[in-house]
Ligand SMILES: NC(=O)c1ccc[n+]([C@@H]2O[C@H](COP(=O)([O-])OP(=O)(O)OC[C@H]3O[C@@H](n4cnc5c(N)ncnc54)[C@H](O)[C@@H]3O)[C@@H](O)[C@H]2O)c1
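Okay, so here's just one chain, in structure tokens, the form predicted on its own.
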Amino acid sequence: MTRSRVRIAVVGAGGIGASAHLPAVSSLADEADLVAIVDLDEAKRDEAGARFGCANLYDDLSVMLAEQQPDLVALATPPSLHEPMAIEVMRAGAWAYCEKPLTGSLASADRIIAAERETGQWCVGVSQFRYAGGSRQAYDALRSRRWGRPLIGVAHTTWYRGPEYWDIPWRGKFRTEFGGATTTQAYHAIDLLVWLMGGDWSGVSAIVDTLDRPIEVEDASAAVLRFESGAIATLLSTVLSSAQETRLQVTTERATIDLDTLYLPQRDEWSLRQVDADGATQIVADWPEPEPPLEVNAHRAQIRSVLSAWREGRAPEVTAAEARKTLELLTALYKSSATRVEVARGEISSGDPFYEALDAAGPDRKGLAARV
């Protein structure tokens, strides 16, 4: 028996909460009700309540959960709050929809997964690039081997964030943000590329550093991935670039797929090239196929998928265990930089400092230590 309407609360009325989560939830009024907004900042609460037509405004998550009993709670909060809030939400009988990074360590992710088992609820990791325009078409084509095996991948996130970006107190600090350009800005591009490549990464070699910005976390990183399939990929992540773009590329046996975007993939930003019989590169005009444009944003598309899973009583696509896979890759990337050796998938476990912290090298990382 399926259930119908879903009661949704949003925690975090500024930043990504106001720009993505609240618009997404409000646009799903045909199948969901926005029952509460939670934020410590009264002005943000009031503004969001007026803008999105929600009268139930709270400064306390626990009180909201007790009074409103939501079915789904979107957590658009600083990363350091994700684990305790997600577990509290699940223990209150609701699903959590949690912004990236899911949390700050593999140990923390495993506690969230344990809470899923304990409560029978789910913690869904935000991975909106997987739900953006053209992404599913690319995934399906690559999984079906339409153009042969994936051989080479590229995920380059070259953005600009000026020093003022870190005026918000929790940003730029290991204790509250956990990581920098790789985890905060490049997360979705990395997550999308590894998903497209099949997810079977086996090892990573990386360099992580803080080259210019007055912050604890990194402002640049570069990495090389190996996959069990034999494929390789490069990752470049920075907030220092004046030429801002997000670029993904997957080269297969018979084609090269490109995505050139900035903050959110659109169908018309994907392209496909093949080499013809004369050795000339040709753009393939009939891919990707037409599809409905994104309504509001890709958070909406993912939330709608979550709502379908909730109504049907089945597991959502990006559970905490699925989000943990990306977190493990990022952790291995940081460890590789600290140890200057390739880190294999699965080698970071209990007893390893990097099991307890995404970037266990912390402020002692070479390059920052000389400036703090």
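Owing to the predicted nature of the structure, the values given are computational and were not obtained by experimental measurement. The first residue of the sequence shown is number 1, and the count goes up from there.
Although not depicted, the form predicted together with the named molecule is the subject of the following passage.
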Students should find that, of 217, 74, 126, 123, the residue having a non-hydrogen atom no more than 4.5 angstroms from the named molecule in the model of the complex is 126
Work out which of 87, 222, 81, 141 lies within 4.5 Å of the named molecule in the model of the complex, going by heavy atoms. 81
Using a 4.5 Å heavy atom cut-off, indicate which stretch of 310 to 318, 39 to 47, 336 to 344, 24 to 32 touches the named molecule in the model of the complex. 39 to 47
Looking at the partner-bound form in the model of the complex, is residue 9 within 4.5 Å of the named molecule by any heavy atom? no
In the model of the complex, is there a heavy atom of the named molecule that lies within 4.5 Å of any heavy atom of residue 101, even though the partner is absent here? yes
Contact test in the model of the complex: residue 348 vs the named molecule, heavy atoms, 4.5 Å: no
Given that the partner is absent here, does residue 226 sit within 4.5 Å of the named molecule in the model of the complex, heavy atoms only? no
Applying a 4.5 angstroms cut-off on non-hydrogen atoms, the residues of 157 to 175 near the named molecule in the model of the complex are 168, 170, 171
